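Let's start with one chain on its own, the form predicted on its own, as C-alpha cells.
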Amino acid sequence: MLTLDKALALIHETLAPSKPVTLPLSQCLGLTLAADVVSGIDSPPFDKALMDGYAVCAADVATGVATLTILERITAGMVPRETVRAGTATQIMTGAPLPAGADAVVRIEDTREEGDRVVIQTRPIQPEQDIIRRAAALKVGETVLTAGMLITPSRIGALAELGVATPSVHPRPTVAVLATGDELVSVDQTPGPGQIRNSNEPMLIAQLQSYGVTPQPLGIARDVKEDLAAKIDAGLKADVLVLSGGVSAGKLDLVPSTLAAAGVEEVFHKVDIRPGKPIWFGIKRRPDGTSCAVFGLPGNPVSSMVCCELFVRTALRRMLGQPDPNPQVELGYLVRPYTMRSDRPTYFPAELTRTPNGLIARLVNWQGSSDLRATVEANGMVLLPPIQRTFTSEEVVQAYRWGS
C-alpha cells in the first residue's frame, strides 16, 4: 500500500500548474504569479519629503537654530519652482517633491513662522534628514516579484504601483463536488429507515471555499451506474472532480469502475493512513490537452474531511503553481497522553492552540471515521505514527491546521 509521501509525489507528477492567464488585480488575491515582475519605474520617482516641515540646506541648521526666508509652499502633487540656497527654505508637505538645493527637512513641530521667515529651534540637522531619494526603494529594471509568489494584499499594492494592472497568474481551478449513495437525503429532509443526511457535500464545499476556490455542487448520485455515470460525466467538465463514497470494495462501490468507463486513468487507490485508506485518485485526459483531476474520497465524513485536506488541497496548490503544495506541518506538543493502537499512521482530530510556549494540541474524544461530532471541537489534526504505545503529554507531534 502507498505511503502518504508516495501518494503526494504521484499527485505532483500527474498534475501541473494551470496554464497562465492575465487577470485584473481585483481578481488576483490568493493566486500565484506565473511570471517575474520587473520594475519599469523608480520608487520614489523623485526626491521627496518624509515629514511636513521646511526643506533647507542642512548647513544652515547645523547648530539646530536658524532663521530663514520662505521661498514658496509645496504640497503633494506640486512641482517646486524655486531653488533652495543658503538662508532660504521652502515649506513642504509629506510626499511632496524636494526642491533643488535642499538636502534636509526640518519638522513643522520644530519651527514657527514670523511673516515671510521661519524660525527653527531644534537639534542639529544632518544632511538627508527626513528625506528619501529617488529610487531608494526601487529601481528601473529591478525584479520586484518572482514567479511562484502568492499574491497578498501588500503585493497587490506593489503591482499597482508598478502599473501591472493584469498580472500573469495561475487561475483558480474549477471544482465539482458529487456525493454518492442510496442512503443519502438532502440536509433539509428527515431521514427515513436506513438513511442519513448528506453532510459530506456541504462540508467538502466549505473546505474547498476555505482553500480559495468556488466549488460546483452536483448533488447526490445514486448507487446505479446510469445515474452515477451521468453525474460523473457532468463533473468531468471541471478541472477537478471530488466524489465522496463508493470507493471501497463493497458490491455497490461503483465509483472506480464507472470512472474507468468514463476514460479516467487510475493513478492510485488506497493509501496507508487512518482515516481515509480507500482514497482514489485518477486523471481524465481530454483530446484538447486539458485534463480533469479526479478524487474519490471515502464516504465516512471524517475520512472525507481528512482526505480533502491531505490530497485535494495538495492538488489545488499544485495547480495554482504554489512552490510548496504539500500539507503544511507545524510542530506542537500534546497536552494529555494518548495510547495508540492503530497499525496505520493516524491523523487524529485535535484542537490546536498557540501559546507563548508554542503550539499545543488537545486530542478530541474521537470514535473513528464516522464520528463527525468530535470534529466540532477540532480545528486541525495531529499525526500519530503507527507505534502501539502511549504518547505522553508534552510529547512533540506534527500538527496540521484545517483550512489555513
Ligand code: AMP
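Numbers follow the displayed sequence, beginning with 1. Owing to the predicted nature of the structure, the values given are computational and were not obtained by experimental measurement.
Same protein, other form: the form predicted in complex with adenosine monophosphate (AMP), not shown, and the subject of what follows.
- Adenosine monophosphate (AMP) in the model of the complex comes within 4.5 Å of a heavy atom belonging to N300.
- Contact annotation: T180 falls within 4.5 Å of adenosine monophosphate (AMP) in the model of the complex, judged by heavy atom distances.
- At least one heavy atom of R197 is located within 4.5 Å of adenosine monophosphate (AMP) in the model of the complex.
- In the model of the complex, P275 stays away from adenosine monophosphate (AMP), with no heavy atom inside 4.5 Å.
- Proximity to adenosine monophosphate (AMP) in the model of the complex, taken as a non-hydrogen atom within 4.5 angstroms, holds for one residue of Q121, S248, S257, T174, which is S248.
- Contact annotation: of the candidates L184, M305, V106, V84, the single residue with a non-hydrogen atom within 4.5 angstroms of adenosine monophosphate (AMP) in the model of the complex is L184.
- Listed stretches are 232-240, 198-206, 154-162, 310-318; the contact stretch with adenosine monophosphate (AMP) in the model of the complex is 198-206, by a heavy atom cutoff of 4.5 Å.
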